[in-house]
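Only one chain is given next, in structure tokens, and it is the form predicted on its own.
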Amino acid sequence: MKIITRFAPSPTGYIHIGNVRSAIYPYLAAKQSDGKFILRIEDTDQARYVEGATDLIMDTLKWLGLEWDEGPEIGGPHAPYFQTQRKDLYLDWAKKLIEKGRAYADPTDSDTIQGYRDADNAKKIPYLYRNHRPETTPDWQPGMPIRFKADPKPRNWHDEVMGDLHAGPEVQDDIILIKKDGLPTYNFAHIVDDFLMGINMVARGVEYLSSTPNYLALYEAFGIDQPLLVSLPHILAPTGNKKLGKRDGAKSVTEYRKDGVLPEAMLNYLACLGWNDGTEQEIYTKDELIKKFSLDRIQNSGARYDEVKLLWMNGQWIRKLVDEQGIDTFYPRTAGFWPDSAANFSDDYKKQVLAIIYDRLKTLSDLREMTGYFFADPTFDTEQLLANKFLKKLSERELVDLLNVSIEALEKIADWNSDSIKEVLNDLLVKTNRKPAELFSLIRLSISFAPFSPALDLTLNVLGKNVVLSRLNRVKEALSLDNQ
């Protein structure tokens, strides 16, 4: 079966983690079956519409590599793909239901409806509008809502994730199909659009399960086949006790992107957040996900969001891509993530820095904090030097002597490269009778004042002989003055 499915977001703000995952699963199912993945913009909630949100949605999908086969910018046989541009079509379909006796124009004002709700609450009975359905209804006029006329009865259906489900008549109601403004509700519009676009699989959040009996009633009223229904469990907060929200520290996809999370890592992490192929594999390319994905491996309980795992995975992807593609190919991705002090340095130099630092990165934005000393002299901090756990046992005089010996040895290197530097550093260990942690920590801190750095010989090689000797002499002179 070729899966024809869709991602149908509302342009009401930033695109969050849950939105993206609800696009990934249908995309994978469609591509695996050589089907179609359609993008449809459900913009009928004009009160919550945010300017620019549609562009953000499309840009995010492109960034992740989730190309759509039909939809905005591409077109297709089912255009238009914005629901506000399909307004007349929904009205026609609502009128068909009126003709069948399965819908009615409802002029009841909001105050009266609130009175029904308050009365039912006072009686401690569930509020259902169908219990207050008008006995007679007028012909429809513009500005008048249209309601579905429910036929409440037991409903049974199968969900590809949740299994066989059942709901009683008590959850079915006279839902609104067309609002006062003439635009359809989500509950109605998606039924019409899915049918007209040939959608045979609908994936959406588990929160829509309670509305499914009403959707089934609409399928029945129209005499159309029910598509495969796929309910996606919530992404949970790290505590595991509630749905993930902004207050739980989760950022928008755009924020993660700006922080230097790679699209390959984001796609990989979200695809595996509630799905696995039954193996221990954790790193998947998009092609591997398409090949291995299956609906029956989506878990039917919520998955805890773990940003630490996402950042770990991002680090794995940085290493994977650099190792597979090489520095030259990967380097353009780092644009905009270097410290300001790197602006005047060449691409070749920054590539040298990237080549020795990439395996320590969790995000590309780590470059700003981890590479500053490659582009500007670090701030000298005597206290930091003397507080180092490997150096605090040594007197300042001993530190100065070690620096003198090191400077003298490094000055003699004629061909400055990592091999010759490593050889000199090893000789210094023998000559000074010091442990690597002592000698190398002193040199590393003197040139970087960073909490960590790549292998010392590689760092010295990239910095260059003049910079290394200048920084070592600066620290030596400062300690000598302190020692006078």
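Predicted model only: the values in this text are computed from it and were never measured. Residue indices: 1-based, along the sequence shown.
Beyond the structure shown, there is the form predicted together with glutamic acid (GLU), which is absent from this document and is the topic of what follows.
- Contact annotation for G18: none of its heavy atoms lies within 4.5 Å of glutamic acid (GLU) in the model of the complex.
- Proximity of R204 to glutamic acid (GLU) in the model of the complex: non-hydrogen atoms within 4.5 Å are present.
- Residue contact with glutamic acid (GLU) in the model of the complex: S10 places a heavy atom within 4.5 Å of it.
- The closest non-hydrogen atom of E42 lies within 4.5 Å of glutamic acid (GLU) in the model of the complex.
- The partner is absent here, but in the model of the complex a heavy atom of Y208, alone among Y208, Y349, F195, F380, sits within 4.5 Å of glutamic acid (GLU).
- Exactly one listed residue, out of F390, F222, Y186, F82, brings a non-hydrogen atom to within 4.5 Å of glutamic acid (GLU) in the model of the complex: Y186.
- Note on the interface: of 101 to 109, 321 to 329, 74 to 82, 196 to 204, the segment with non-hydrogen atoms within 4.5 angstroms of glutamic acid (GLU) in the model of the complex is 196 to 204.
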